[in-house]
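For reference, the chain that follows is the form predicted alone, supplied as structure tokens.
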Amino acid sequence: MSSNKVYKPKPVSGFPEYLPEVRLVEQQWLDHIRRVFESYGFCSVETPSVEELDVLSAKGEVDKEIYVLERLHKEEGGKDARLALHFDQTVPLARYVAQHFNDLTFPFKRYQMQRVWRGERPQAGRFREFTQCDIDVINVDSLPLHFDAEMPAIIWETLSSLPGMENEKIQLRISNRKILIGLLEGKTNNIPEALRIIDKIEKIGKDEVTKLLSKDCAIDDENIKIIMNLVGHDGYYILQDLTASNEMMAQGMEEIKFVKEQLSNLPEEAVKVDLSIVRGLDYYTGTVYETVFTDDPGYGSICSGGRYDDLAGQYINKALPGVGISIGFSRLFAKLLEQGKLPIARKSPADVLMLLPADDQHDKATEAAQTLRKNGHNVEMYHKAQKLQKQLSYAEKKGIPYVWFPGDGEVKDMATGEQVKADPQSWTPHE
């Protein structure tokens, strides 16, 4: 006799996989986010998991993290990889809008909830495969500034009402890249690098940022002091006394003041102006956002985005400014899961387990189950006639709140033990 070699399965690092009871809550979160997005008039789109490699690698900041697609057995003389998995949903959106431009109604408001892939080192809250939930508004020629304020308002409503997030303190931090770009003009010949360095201030600290601005951007000590004063304190109060040195800086200051005032209806401390926020991707041109846990800012941003003026310019000869924000769904979900704050209780979406006391009751059980389903209840049929206690134990293990006795026309509340007569046509569970 030959023995088959057994491969022992093991998790793949950076690719999360959950048990049914966790997945059930994950789906509840996705449904909740979808409802809020749609309540503001955002429509759903989905783009392919892959894009042209040249499109994605044009954003050179992440080219080392891109996963390319190739056949395992490539034909001799075959071409290099042409396709790659998308690392975010903003670049695919720009391509999508350009491609379908004549069929879309502008301002185009879309949401997109998909998995993305990045080949970075897995660590707490960072995965190689993860879900993002994006909203964006794109218009032709110009986009009203009030959309810049609508984005964080939607995110606040979404996050603060997620199951398990009720007691979490979060803060929306906003800035405007025009302020720093305007401030840096004439102080360095490498503004993009200076912005990337400043964006790391929370990770590497003020002293290291100071050193790098001097070493890599040739900014003198006096100007570094001006920059660090701007990014190292509460930005909103600094703006009250700050004098713009050029038109771009003045425009950024006016824009951020407008956005902050539009968000004044949110709870105190919900929104903070933080001029150190730049966002690493160069396609952002104005307002930028990051969202952190107030009590654990070191965990990093759980929601980020900003305004971009010409992201679709490489695909179409149109000015298509937009603004968007993205929830790092997997990052946020993983934190609350690890802390035991998610409402994980049930291993099944079923409201009712239809018992099967005997084989001759199968037709009656099926009929009752179908009636309950038509009335909006999720019903699982027990798979075969067994002892009653075994069936009840099955319902208890899966967290199914009610069991139905088809022969007697009775339903039992598993939590209270109460068992009453019931008609599948009119039955409703206890509140």
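Not measured: the values here are computed from a predicted model. One rule holds for the numbers: they count along the sequence shown, beginning at 1.
Although it is not shown, the form predicted together with a further copy of the same chain is what the next lines describe.
The partner is absent here; in the predicted complex, the one residue of 296, 120, 254, 216 having a heavy atom within 4.5 Å of a further copy of the same chain is 120. With the partner removed from view, the residue among 225, 206, 126, 318 that has a non-hydrogen atom within 4.5 Å of a further copy of the same chain in the predicted complex turns out to be 318. Between 107-115, 191-199, 327-335, 167-175, the stretch whose residues reach within 4.5 angstroms of a further copy of the same chain in the predicted complex through a non-hydrogen atom is 107-115. Contact annotation: residue 246 falls outside 4.5 Å of a further copy of the same chain in the predicted complex, judged by heavy atom distances. In the predicted complex, a further copy of the same chain sits within 4.5 Å of a heavy atom of residue 17. Although the partner is absent here, residue 276 is not a contact residue: none of its heavy atoms lies within 4.5 angstroms of a further copy of the same chain in the predicted complex. A residue is said to contact a partner when one of its heavy atoms sits within 4.5 Å of a partner heavy atom; residue 402 fails this definition for a further copy of the same chain in the predicted complex, lying far away. In the predicted complex, the residues of 343-377 lying within 4.5 Å of a further copy of the same chain by at least one heavy atom are, in order, 347, 348, 349, 350, 362, 370, 373, 377.
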